[in-house]
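Here we start with a single chain on its own, the form predicted alone, put down as structure tokens.
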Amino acid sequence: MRIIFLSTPVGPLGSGVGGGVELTMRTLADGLMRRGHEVVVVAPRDSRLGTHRIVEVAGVLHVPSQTLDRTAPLVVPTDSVLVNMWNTVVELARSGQHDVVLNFAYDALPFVNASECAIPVAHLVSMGSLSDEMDRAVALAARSHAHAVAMHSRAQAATFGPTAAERVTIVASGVELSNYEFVAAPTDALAFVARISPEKGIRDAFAVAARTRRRLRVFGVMEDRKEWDAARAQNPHADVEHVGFLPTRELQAQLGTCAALIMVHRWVEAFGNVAIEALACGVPVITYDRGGPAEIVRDGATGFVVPADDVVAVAAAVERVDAIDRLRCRADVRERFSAESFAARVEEWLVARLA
């Protein structure tokens, strides 16, 4: 297949603004090309995705959907980068040199305008239900073709309602295991890998650090300084270090030295790529029983799944983390979430979309 990737419109690839979708795109591009497919990526200007060919498009970036009220219309700014990227995709599709578009943009536009494209459009949805407008767009696409929409987890699909949950394809995610080094003997530090924002649960992360009296290393873009300051004010004695956003190579080197990754998200995570990144390094994951991470972690074997919003339970799980076999964590990623298996699942879905 000759595949056009339509990127997220919230920031350039490589900046960290797009969150897990950036890793998803890179992993898939690598995996699909190894399986003999061709990939071209249409993305905002200044994007980087390894050595993959990128058509860079200028325009005004979009406001991330998770920062908006769900009843608010998805705003399309003047000179929208998404509109410009979509027009570029439509032109590429007319050339006859491509077979399918794989849309990663969490926005209604590629869904409702898919009929403008001369080739089929498939949508890999990166987040759960956040917008009434997006819900309608996903439902429309799911009704239009049995294989038009894929998601990462059953929990994510369920947020869009029973119809979507029944009709979407679940492809999970994956990582290139060779990019992650196994660490057998960690420090006592905990890790938190996410944008600094309310929905990612930075306040709960500070609270866990305070309760466990362990150092918490925070990896991620400082999206909301007020939320960080509020978390600090609520837990003034917590030992928390903001490392910032790091590319995969640097992130895994530091993440691997941590005793555990804590995932204390306040929303339904679609999947949680950072969970499988941590496991690939041998780092157990402690997660709330909410969203995709709870489908990744094997409770008691590769980490712990605790009741949502229960900081005390997270802190208690931290004290049991030494009982987790770090080699089993890495082996679980090899078995379930390798780049090869992820690409194979997406390939099967795209073939069905073209049928």
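The first residue of the shown sequence is 1; numbering continues from there. These numbers come from a predicted model, not from an experiment.
The discussion below concerns the form predicted together with a small molecule, not included here.
- The listed set N273, S153, S131, N103 contains one residue whose heavy atoms approach the small molecule in the predicted complex to within 4.5 Å, identified as N273.
- Checked against the small molecule in the predicted complex, the candidates A205, V193, A142, V89 yield a single residue with a heavy atom inside 4.5 Å, and that residue is V193.
- The partner is not drawn, yet in the predicted complex one stretch among 224-232, 273-281, 114-122, 161-169 has residues with heavy atoms inside 4.5 Å of the small molecule: 273-281.
- The shortest heavy atom separation between P77 and the small molecule in the predicted complex exceeds 4.5 Å.
- In the predicted complex, no heavy atom of L109 sits within 4.5 Å of the small molecule.
- Proximity of R214 to the small molecule in the predicted complex falls outside the 4.5 Å heavy atom cutoff.
- Within 4.5 Å of any heavy atom of the small molecule in the predicted complex lies no heavy atom of G11.
- The candidate site formed by I3, L350 and L354 is entirely out of contact with the small molecule in the predicted complex, as no residue has a non-hydrogen atom within 4.5 angstroms of it.
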